[in-house]
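Have a look below at one chain only, the form predicted alone, in structure tokens format.
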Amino acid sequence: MTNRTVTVSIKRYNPETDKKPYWQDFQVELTAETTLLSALEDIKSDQDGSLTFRRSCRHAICGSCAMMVNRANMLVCDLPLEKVLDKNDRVTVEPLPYQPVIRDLVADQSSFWKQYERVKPWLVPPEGEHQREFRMTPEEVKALEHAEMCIMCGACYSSCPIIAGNKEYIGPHALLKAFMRVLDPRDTIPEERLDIVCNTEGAYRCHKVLNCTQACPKGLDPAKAIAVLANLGFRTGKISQERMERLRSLIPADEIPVKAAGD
């Protein structure tokens, strides 16, 4: 690829000095190795040191650099600049929508983290010493691994049309984590979790437009997880009993681990 100059159009806004957001164009040299993040870093280093954005790992595992690129939410760290240029060699970059802007490309994610904490995303294990292993079916392992891959970038949250008008909606990111804990056989409060998420501010509010699934940079399916939670909500009060019956079917009575001497 022959090096050429392309345009990165950035939506700028500093609440302390600007009355409203505005667009600013920057010219950058495109090479075969140029990512959108590296282009932003070059702009900040060589053209305008006041440009503000988040970034960290550069390997699409921390979720820091989620932005709106050409009106679609995505991570910019591993995004080849060549792939997002239009026919005029231009790309537009904005902060994630539906959240207040702190400055330039940095959105205030306070509501995002508030809803995450709301679902109690931490594991609540059994009290005392557990004497036998937690057995799981391959399907359950696959479902948990799917949810664990979420990097909390906010791309799904800021693509959800419900968030635009209702900041009390729990959001697809938190509902995906709640799904993970409800299905985890080590967790002891599945009924409490379902009470938190199965209501009109949670799984029952989902419009099923699938924006969250389309926006996820890791290829996850929060929309499907929300649908599963909604169905489980109709069985609240029975989940714990069903889980115990399932575990009994997976663990023969003679397979209870025995502690070795000296352990």
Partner chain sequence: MTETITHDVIIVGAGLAGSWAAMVASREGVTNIGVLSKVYPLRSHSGAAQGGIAGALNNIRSVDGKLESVPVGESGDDSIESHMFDTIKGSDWLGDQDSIEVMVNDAPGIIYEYERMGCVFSRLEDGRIAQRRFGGHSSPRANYAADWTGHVLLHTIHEQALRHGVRFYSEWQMMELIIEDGVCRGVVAMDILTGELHVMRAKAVMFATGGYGRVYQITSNATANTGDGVAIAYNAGVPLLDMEFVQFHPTGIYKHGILMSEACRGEGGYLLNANGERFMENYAPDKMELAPRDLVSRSEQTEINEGRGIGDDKQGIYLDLRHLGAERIMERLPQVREIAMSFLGVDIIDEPAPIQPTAHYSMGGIPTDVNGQVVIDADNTPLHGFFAAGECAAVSVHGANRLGTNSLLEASVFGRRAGYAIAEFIKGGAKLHPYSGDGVSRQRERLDNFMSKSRQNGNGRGQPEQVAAIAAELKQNMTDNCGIYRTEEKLLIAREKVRELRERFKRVVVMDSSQRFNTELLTAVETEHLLTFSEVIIEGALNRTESRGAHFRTDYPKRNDEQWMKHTLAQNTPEGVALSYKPVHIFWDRYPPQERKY
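Just so you know, these numbers come straight off a predicted model, no measurement behind them. Positions refer to the first chain, counted from 1.
The discussion below concerns the form predicted in complex with the partner chain, not included here.
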Tell me, please, which stretch of 225-233, 44-52, 203-211, 22-30 lies within 4.5 angstroms of the partner chain in the model of the complex when heavy atoms are compared?
44-52
If we define contact as a non-hydrogen atom of the residue within 4.5 angstroms of the partner, is residue 169 a contact of the partner chain in the model of the complex?
no
Would residue 135 count as touching the partner chain in the model of the complex under a 4.5 Å heavy atom rule?
yes
Residue 103, heavy atom within 4.5 angstroms of the partner chain in the model of the complex
yes
Considering non-hydrogen atoms and a 4.5 Å limit, does the partner chain approach residue 89 in the model of the complex?
no
Heavy atom within 4.5 Å of the partner chain in the model of the complex: which residues of 92-121 qualify?
101, 102, 103, 106, 109, 113, 116, 117, 121
